[in-house]
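First comes one chain, alone, set out as structure tokens in the form predicted on its own.
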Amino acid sequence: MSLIVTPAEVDFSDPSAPASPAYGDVYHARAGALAQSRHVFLGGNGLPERWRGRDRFVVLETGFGLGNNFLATWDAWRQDPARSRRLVFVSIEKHPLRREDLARAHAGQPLADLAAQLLAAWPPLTGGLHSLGFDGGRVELLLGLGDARDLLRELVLQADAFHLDGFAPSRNPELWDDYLIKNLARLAAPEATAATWSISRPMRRAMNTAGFEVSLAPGFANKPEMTVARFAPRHQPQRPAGREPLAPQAREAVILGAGLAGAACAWALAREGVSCTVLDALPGPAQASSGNPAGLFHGTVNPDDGPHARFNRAAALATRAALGDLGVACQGGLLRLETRLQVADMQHAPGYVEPLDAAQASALAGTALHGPAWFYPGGGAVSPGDYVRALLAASGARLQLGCQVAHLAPTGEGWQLTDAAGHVLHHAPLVVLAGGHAQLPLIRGLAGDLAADLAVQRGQLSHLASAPWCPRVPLAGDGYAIADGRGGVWCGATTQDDDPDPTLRDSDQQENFTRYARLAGLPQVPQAPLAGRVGWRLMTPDRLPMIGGITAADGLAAQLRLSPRRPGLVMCTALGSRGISWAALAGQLVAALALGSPRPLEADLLDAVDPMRFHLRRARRGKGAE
């Protein structure tokens, strides 16, 4: 995967058929893009009839191009009163259009309203999966930017229909070969269908070998024939046990924790049609780790675009989209100081991260900075409490406060939750553990090894009510500074492992103010009365969260994807100091893992946040030592 994706160059000289100079081919037939989409891809896949009465219908497309197939499918779904409850459209594109080219491609087209919504949601052109929601979350476009040969093997989903689209096999053979078709078969749901305008013999032979029954149908416009297919292998492929949905039929869920993680899980599950009850031992939401008055959200960059950078990027983009959908006010944009690289050596991904020299960064921050900085236009700062309350309100979840769950026990239909006295609090087919350090006793009761992989870290942030400098945008580096909007700043934060002291400390405040003075370039460290907040973060050794299912005591296989999980139970914890940045994506992932919808992350990133990853590493080290 790569941070930067090369955008398409589009030749618009023929308005009836935009073309790609790189591939020497047109994006669609001159007879009309939408007409082609409706005849070939909708008609060829038996739509809209096949999605009727379904809870979810998943389409996988091999080339997004100008987006006409998505728009035609979305429009047909909207027009059908018997449509599926949700439509998930997954599409791969190696060379996506720039926003301005996408606008040009759809200017004056019939589906102007839908095209405008797509344009408004169009993501920065960065590698990986981008989840774009429409119609209140009932329509999802999961857009994979990158090479289809790389991305298809990382997808975790079951597709009901395939739109095989791309430039002609003679121009772009890698999008039609045996390897790619075999990957499509791996992702096919039982009775899945496929359609394409191409009648390439090698493609049809590859589809037949992969388990599709292939036939020809009347083509569109000047093409007399097209290809249609149905997935009917002799033997249904077995899905990896660790990728099976944890509660596919659940329509009710109990979520433990009313902070950022729990609220985001409730929101994501509600968009999937699940009714949620959120329990918390405290008297109100967002009162533990999520109770700080302000916090940052942003992505990260590293040279190899490894798992941390990719997860943080996907999470930051999901957070920005969620805040916009929910209408939560935030301070937009964030500067992060760079101390090692020169600005010429810093990566640039327009719309996601921009390198600024010292003068540019200083102008944005409102103080003299002595080096370059990363500017995240989609990052910023927000009140965690405001965010949590908005998520809970949008979810419609029932909130049960002052409720301490002491035990979880599996039943034939899910899980039973009891208090310390043994009184039954709830039964639920799906339970999500989404609390922080206070849930460690529950985790120990379920999987002691998991609790051993978690550390509790104390943090203190400080408030300077009358600040000599307030950043124009949130600023991070060695510490951070966030303007409070009233002439003061919040700054921090300290880190102390295994420190249960809840009191504000002068020494910690002095440390925070010293960092603030360095960020601001102040000649003296400011002094002020002791003010701030203490909280505790739950952390993992690799500084990534734990999101996923838990294996039974003897259920761990040689690979995480092969390890069966305890049904009806999902963990979403250890968000550390990045709760704001990670919560929205974490909630989406929990919903997908529980219900079996397409995962919003690539398979290697699912493994990177899997709760059982440390257990597997220990097992491998143990075998290596034998």
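Since we're looking at a predicted model, the values are computed, not measured. The first residue of the sequence shown is number 1, and the count goes up from there.
As for the form predicted in complex with a small molecule, it is not shown, yet the points below apply to it.
Of the candidates Glu272, Asp280, Asp453, Asp160, Asp280 is the one whose heavy atoms come within 4.5 Å of the small molecule in the predicted bound form; the others do not. The listed set Leu164, Ile92, Leu296, Leu184 contains one residue whose heavy atoms approach the small molecule in the predicted bound form to within 4.5 Å, identified as Leu296. Three-residue candidate spot Gln360, Gly479 and Ala520; no residue lies within 4.5 angstroms of the small molecule in the predicted bound form by any non-hydrogen atom.
Of the candidate stretches 108-116, 309-317, 143-151, 285-293, only 285-293 has residues with heavy atoms within 4.5 Å of the small molecule in the predicted bound form. Among heavy atoms of Ala103, none comes within 4.5 Å of the small molecule in the predicted bound form. Of the heavy atoms in Thr339, none are within 4.5 Å of the small molecule in the predicted bound form.
Contact check for Gly133: every heavy atom lies farther than 4.5 Å from the small molecule in the predicted bound form. Looking at Ala217, you'd find every heavy atom of it more than 4.5 angstroms from the small molecule in the predicted bound form.
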